[in-house]
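We begin with a single chain expressed as structure tokens, specifically the form predicted alone.
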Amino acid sequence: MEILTSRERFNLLVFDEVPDRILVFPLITNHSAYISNYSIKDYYTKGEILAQAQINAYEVYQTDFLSVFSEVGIIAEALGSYFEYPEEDLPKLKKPLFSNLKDYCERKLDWEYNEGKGRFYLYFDAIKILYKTLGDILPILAYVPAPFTTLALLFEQTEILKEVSFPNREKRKILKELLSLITNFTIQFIKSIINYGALPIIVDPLASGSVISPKTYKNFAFPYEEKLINYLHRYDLDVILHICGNTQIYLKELNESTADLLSLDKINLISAKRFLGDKFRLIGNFDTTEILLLSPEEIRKKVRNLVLKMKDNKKGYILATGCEVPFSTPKENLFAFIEEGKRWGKYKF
């Protein structure tokens, strides 16, 4: 039996107290449908199934967080982009709301927030069930796409990435106006998530260094992440920011963030610890391809090395995968990841 619940452990971490061990957080999202024998489509269209899948995953793996997430198009869909729903895959962007910035400027849009738009019900139904069932012992994380990621899913992506990479003065003004509208809409979504009992985690995968330059990130992604973070700080909540892909080239920009916890993917965690560890609780960053394909013994060895290097991070450390656990990851691989993390992540308590 462990001394603390996961919720108590997380509370100690964010209060700068040392818990009994590091928290262990493989990002189990649609993999929970896999181990529950639910179809992926049911998982991302039915809140009660998403919740039950997460409960099942917790009972199997005994991880430290619950995750409410389908994919990052949920806000773009509510604003008007069209997604198709495959039976055995996540929603796919079929037709973005706009083709280009000129198209946006020629339209009159009604972007008033209401909870009934798109698939918002999916989050709210799932959070209500999870909060009632396990909310007293586990943090419930609801993944919220940041404004830049939503922007990229409202347009033909090659067009919008070209616009943000080489904007003239007029286009820069239009982009910032649009991002402000998206931010205001996202804040209303966040407010609903908090009211239902979950902690929003801000995810910005399309702001990755694998997609855009540090300059573009600083101009069009970072300021709007900060607006969401500042809103959450009004509630005295500790904020997790997750960016997929290459974040090594963003170390300087990330160090200016006011987030409390940084979840990092493709980055040298030792350099992140040296550069960011005095300010942030760090989360990451076991490679998701490796957790899918390596043997349990190889995973145990890599986890042990990662934990021993990171557990003394000044502001604290959470062992996690760099991104979502792949759908069909073998159970024994996740058992190896979690067990080894708990074994080597103990503190004097």
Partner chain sequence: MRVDFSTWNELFQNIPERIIKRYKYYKRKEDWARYLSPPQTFAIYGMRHLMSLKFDSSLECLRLWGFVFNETERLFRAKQINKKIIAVMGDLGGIPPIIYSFKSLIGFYPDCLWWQPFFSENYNLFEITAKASFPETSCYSRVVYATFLKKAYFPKPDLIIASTGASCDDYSCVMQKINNLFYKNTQFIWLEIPPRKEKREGAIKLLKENYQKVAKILSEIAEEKLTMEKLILGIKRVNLIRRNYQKLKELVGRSEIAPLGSLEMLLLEFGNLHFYSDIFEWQKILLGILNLVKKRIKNNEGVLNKENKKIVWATPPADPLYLIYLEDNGARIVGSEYIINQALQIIPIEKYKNPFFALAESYLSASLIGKTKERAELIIKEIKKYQAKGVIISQIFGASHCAYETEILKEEIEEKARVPVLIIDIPHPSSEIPLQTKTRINAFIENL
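Keep in mind that what you see is a predicted model, and the values were worked out from it rather than measured. Numbering follows the first chain given and starts at 1.
There is also a form predicted together with its partner chain; it is not shown, and the following applies to it.
Ile137 is the sole member of Leu101, Leu181, Val211, Ile137 with a non-hydrogen atom within 4.5 Å of its partner chain in the predicted complex. Site annotation in the predicted complex: the residue of Arg172, Lys227, Lys218, Lys191 reaching within 4.5 Å of its partner chain with a heavy atom is Lys191.
Its partner chain in the predicted complex is not approached by Lys108, whose heavy atoms all lie more than 4.5 angstroms from it. At a distance threshold of 4.5 angstroms between non-hydrogen atoms, Pro167 is out of contact with its partner chain in the predicted complex. At the 4.5 Å threshold, heavy atoms of His233 reach its partner chain in the predicted complex. None of the heavy atoms of Gln248 is located within 4.5 Å of its partner chain in the predicted complex. Looking at 88-96, 125-133, 265-273, 75-83, the stretch with residues near its partner chain in the predicted complex, meaning non-hydrogen atoms within 4.5 angstroms, turns out to be 125-133.
Scanning 323-349 for heavy atoms within 4.5 Å of its partner chain in the predicted complex gives just one residue, Phe349.
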